[in-house]
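Encoded as structure tokens, the following chain is the form predicted alone, with no partner shown.
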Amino acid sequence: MSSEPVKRCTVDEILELRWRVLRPGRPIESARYEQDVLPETRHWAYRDAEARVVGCVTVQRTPFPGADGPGWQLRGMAVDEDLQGMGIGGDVLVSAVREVAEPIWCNARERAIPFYASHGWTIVSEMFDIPDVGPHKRMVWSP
């Protein structure tokens, strides 16, 4: 792997991975977010030694729902299923929060809650369901 496997990128560079991991069985456009093309939205990709995108994340300007809170939302966090648990997700997440350097919130899938908690994120909601995606809890990270 390169010395800097995580770098900023375009949404088109990460869309296929985001779709394959987070929206399997649906059209690829279901993995595209409305804010993906806005100038303040940022995307990161983790590339392996063959330059394949194997991890990704997006951070976009989205107000915290229903109350005062962070104005940045983390979305589309994905790691190739064969490589999960190898630190790639952590590297991608750390790169994103380091660059944004402001509080960030996310809707964490139930199975991802321990991952976010291990990186300093705090649960701030009860479990809720996102239709066609599954159970989530809202989490927040602050520098």
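This one's a predicted model, so the numbers in the text were calculated from it and none came from an experiment. Don't overthink the numbering: it's just position in the shown sequence, from 1.
Form predicted in complex with a small molecule: not shown, discussed below.
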Distance check, residue 115 to the small molecule in the model of the complex, heavy atom within 4.5 Å: yes
- Query: Is residue 108 one of the residues lying within 4.5 Å of the small molecule in the model of the complex, judged by heavy atom distances?
  - Reply: yes
query = Hey, in the model of the complex, does residue 90 get a heavy atom within 4.5 angstroms of the small molecule?
reply = yes
message: Test of understanding: in the model of the complex, would residue 97 fall inside 4.5 Å of the small molecule by heavy atoms?
response: no
Of 84, 41, 30, 62, the only residue with a heavy atom within 4.5 Å of the small molecule in the model of the complex is 84
